[in-house]
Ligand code: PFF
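As structure tokens, one chain now follows by itself in the form predicted on its own.
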């Protein structure tokens, strides 16, 4: 079966960055940062990303590009006879679990775009905070409206994946990702210029390490895995469509850097405004939907900023959703020998039906959210580094990283990567997982 491939290095980068940049940056990162002490959480998160998760990105990239196949088959091909396809199955479950709640939040973003275009926030400028909270509760509630927006979101995701890698995913992310960065920078500048915004910047960049607890470590690890799409097969699947001439370390590093930069800019777009209007950063998952609309209602030009912000939220969500759906679709195409159209329709319908339960029940939504980010993804990452570092011949990893010796890297750095993969990453992930369970 002929496989599609990305057409350019830039196409690979924006697709990888699109997989990483998403609701994890705009929705999940701000509220986790707000409930874990701000700057102290950011520092811990940065350590998790660049010390621990970047070598894991290399692992996913190496296995995907080396095997040029789907998530399940890749692990049996990379180390033949090892019978470690369980790693791929766990990644498949991760993608499925995330798509069981992620489109629900994506549907909220469409709902709030409609509300912003209708100037609903402006008309509530004098309303008490309870009314904004009530609006969010209505958005989350099981209703024909919530079901419609959930369906519209997942249908738009399917439309892009249906077009394939080069004509669909690469084509759309090439314009969505630059636009996304431009828009969030505009909002960050507007937020920083608000009177009283300095307190929000202090919260972001002046750490209070007394705020760090065991939960902070678990949240930072879970967020790093969730945001970088580690453990759910997105990076591995995209890497299987990458040409062998591409530089894995460069692309992985740029993906991690882009994702982290976007998360910090998103924090600068949100937290200064939260503090400027005297609100609490520890509002939890409702921060974007219950708190920010209240700010937009009072902010000069707030109606237009609201429209821009929720469009940003929608684009960020879609770029991640298409990578998750592609994980499922590629497995169906290559294992069942189905056409892309048939595979996309089937997996979209399955995710849509399961997602209805997340629309219906906040408990089910929370279960999919927490279990995927704090259990399945870290567990998948743990098995991945054990597989690459100990089960498979590590010379394969080094051969792929260096493009069969054509690329030269500092030997100390390669030894450090090997140390992280074989010893440090398994120890840290296992310790934090056990701490979260116990």
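Since this is a predicted model, take the numbers as computed values, not measurements. Residue numbers count along the first chain shown, from 1.
FYI, the form predicted in complex with the ligand isn't displayed, but the following is about it.
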request  = Please determine, with the chain shown alone, which of 179-187, 228-236, 74-82, 338-346 has non-hydrogen atoms within 4.5 Å of the ligand in the predicted complex.
outcome  = 228-236
note = Contact with the ligand in the predicted complex, heavy atom within 4.5 Å, among 323, 330, 173, 157 goes to 323
task = Select from the listed residues 23, 12, 420, 429 the one whose heavy atoms reach within 4.5 Å of the ligand in the predicted complex.
result = 23
task = Indicate whether the candidate residues 19, 98 and 102 are all in contact with the ligand in the predicted complex, with contact defined as any heavy atom within 4.5 Å.
result = yes
